[in-house]
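First, one chain by itself in structure tokens, the form predicted on its own.
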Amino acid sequence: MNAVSKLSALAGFVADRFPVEKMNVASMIGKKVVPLHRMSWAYYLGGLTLFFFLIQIGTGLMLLFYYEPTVSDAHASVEYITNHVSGGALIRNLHAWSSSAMILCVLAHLITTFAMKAFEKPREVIWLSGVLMLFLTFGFGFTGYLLPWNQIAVNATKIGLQSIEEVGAYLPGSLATLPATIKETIQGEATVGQATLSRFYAIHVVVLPLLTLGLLGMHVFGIQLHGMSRGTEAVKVRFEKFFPDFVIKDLTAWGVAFLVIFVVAICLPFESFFSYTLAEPYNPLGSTPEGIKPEWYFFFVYYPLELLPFWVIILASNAAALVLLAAPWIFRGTSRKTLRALAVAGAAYLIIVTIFGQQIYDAIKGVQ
């Protein structure tokens, strides 16, 4: 296939996924319908993910007024926000809890979307943008974890960055130096310090939000163009109007979610609930705290990494990422029943490892 044919094929692909003849916002909203079936509840997960992302933006902007992204003042500024700014502790808790809620919703959204085979033609771009936003969401978690600049966060970040460099030992030829280059670029200096904090801060508050907003626009626009996947192989499916019926239900879910997250933010300080502490600012001469763990949403990698060889986890993680990205083509002829079984298996793994990972680790180590 020559260059002209490739460009023509690409233009055809884009035209099928973004048909200009349907680009009438009033018509799309007025005529859009939502399928009603036993998995219709899953349609609200995307909206909830968006809602928690909006909370992240709002609370993050408020925190920017007081946060100081320097190694000398970062920890003190977070303590000042928590203890002296009116409503500061509430805003921090809302930011922290909504980030976990956002990650939980985006994972559930991905799994249910996969189960309903919502990546079928012409929805491949919608699926790809969703998977990329999942990766960005993990990036938010990784970069935001360092910003309070406490002993646990800095040491955990060092371990995470070191893991990136160790990937090079399993790559061939010139590719072996790529992970080290990536690590040095992110870290910015010989060890985790001011350059690292500045780069994590810039990535967290500028780069990742801009990338997410771009992908989100593409994602939502594609859904408006093609509507929601039926999610079932049944011939007859009932429908309801997107506006106002589904929109009212979606906003109701947002209201309930905000009430829950607000009450949790008032009653359960994030650090105390997860046994974290702000009492220890990072001391480069201090000892590495025992029992360092990542946030809960990285447990699905953390606990297997403690039990299996590093190369196995790297291979499995990269394979899983590639399968997710290529799902519209890998599972093109797969039935929804099979996809639902795979989705249940994936969800079961995430739930079991996240909730019972420590018990499983202790049991295996005890047997060994």
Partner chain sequence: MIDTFLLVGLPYLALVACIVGTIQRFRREPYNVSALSSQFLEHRTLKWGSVPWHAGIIVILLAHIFVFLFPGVWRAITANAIALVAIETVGIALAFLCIAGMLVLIVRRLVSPKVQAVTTNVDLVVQALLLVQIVLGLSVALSYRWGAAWAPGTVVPYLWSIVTLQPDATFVAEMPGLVKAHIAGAWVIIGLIPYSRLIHMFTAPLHYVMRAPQVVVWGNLARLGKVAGDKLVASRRLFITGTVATASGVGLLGVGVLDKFVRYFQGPKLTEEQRADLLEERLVRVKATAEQRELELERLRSAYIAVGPLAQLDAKKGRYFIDYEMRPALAFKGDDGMPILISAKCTHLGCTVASEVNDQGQILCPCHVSYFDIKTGAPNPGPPQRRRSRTSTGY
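Numbering follows the first chain given and starts at 1. For clarity, every value in this text was computed on a predicted model and none was experimentally measured.
The next section is about a form of this same protein that is not shown, the form predicted in complex with the partner chain.
Contact annotation: of the candidates 226, 75, 204, 95, the single residue with a non-hydrogen atom within 4.5 angstroms of the partner chain in the predicted bound form is 75. Between the options 34, 63, 48, 339, the residue in contact with the partner chain in the predicted bound form by a heavy atom within 4.5 angstroms is 63. The closest non-hydrogen atom of residue 188 lies beyond 4.5 Å of the partner chain in the predicted bound form.
Although the partner is absent here, residue 108 sits far enough away that none of its heavy atoms falls within 4.5 Å of the partner chain in the predicted bound form. In the predicted bound form, the partner chain sits within 4.5 Å of a heavy atom belonging to residue 267. The partner chain is not shown here, but in the predicted bound form it comes within 4.5 Å of a heavy atom of residue 285.
Proximity to the partner chain in the predicted bound form holds for all of 84, 281 and 361, with the criterion being a heavy atom within 4.5 Å. Shown alone, this chain has one stretch from 208-216, 100-108, 134-142, 188-196 that lies within 4.5 Å of the partner chain in the predicted bound form by heavy atoms: 188-196.
Residues are counted as partner-facing when one of their heavy atoms sits within 4.5 Å of the partner chain in the predicted bound form; in 155-174 these are 158, 159, 162, 163, 166, in sequence order.
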